[in-house]
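A single chain comes next, written as C-alpha cells; it is the form predicted alone.
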Amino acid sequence: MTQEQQYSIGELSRLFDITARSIRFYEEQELLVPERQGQSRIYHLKDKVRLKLILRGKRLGFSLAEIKTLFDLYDTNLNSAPQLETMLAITEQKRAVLNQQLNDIQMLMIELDDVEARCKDELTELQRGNNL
C-alpha cells in the first residue's frame, strides 16, 4: 500500500515561494482544508494542487471568491460541466476587462506620444532662439 505524500506548511511555503501566513489566510477563506493532528497542519496532494490553482487563478486576475466558487462547484458536482461553464463565464468577463484596459493603455500611449512630441518641438524652438 502506498502512502500519500504529505506536506507541512513550511514545505508548501518553500515549494510555492509564499509565506506560511498566506497559506493560513487561504485556510481562513476555506480554500484549503488541511488535516489537523493536534496543532500541526498536514497537507495532502489535493491541498498542494489547490494551492497551485489558487496562485494561478490570482495570477490570471481571479478573486479568491471566484476561485472558491470554482472549488465549491468541483466539490459538489460529479459532473464538471457546471464548473467549466462558470470558468468560461469568469474568463469571458476577465477578457473583457483586460481588453478595455488594453484599449485605455493604447489611448494613453498615443496621448503621451503627442505630449512628448510637443515638448521636443518646443524645446527645439527654445534652443534655436538661444543660439541666435
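Just so we're on the same page, rigid core means the largest C-alpha set that superposes within 1.5 Å between forms. As the structure is a computational prediction, the values presented were derived from the model and not from experiment. So that there is no doubt, residue numbering starts at 1 and follows the sequence shown.
From this point on, the text means the form predicted together with a further copy of the same chain, which you will not see here.
For the candidate set L64, I42, V33, L60, a heavy atom within 4.5 Å of a further copy of the same chain in the predicted bound form is found for exactly one residue, namely L60. Shown alone here, T91 lies within 4.5 Å of a further copy of the same chain in the predicted bound form, counting heavy atoms only. Proximity of Q37 to a further copy of the same chain in the predicted bound form: non-hydrogen atoms within 4.5 Å are absent; the residue sits far from the partner. At the 4.5 Å threshold, heavy atoms of K46 stay clear of a further copy of the same chain in the predicted bound form, well away from it. In the predicted bound form, none of the heavy atoms of R14 sits within 4.5 Å of a heavy atom of a further copy of the same chain.
Contacts to a further copy of the same chain in the predicted bound form (heavy atom within 4.5 Å) from stretch 21-44: none. In the core-superposed comparison between the shown form and the other one, L15 has its Cα shifted by less than 2 Å. In the predicted bound form, the separation between the C-alpha atoms of Q106 and F62 shrinks by 3 Å or more relative to the displayed form. A change of 3 Å or more separates the two forms for E30 and L98: their C-alpha atoms lie closer together in the predicted bound form.
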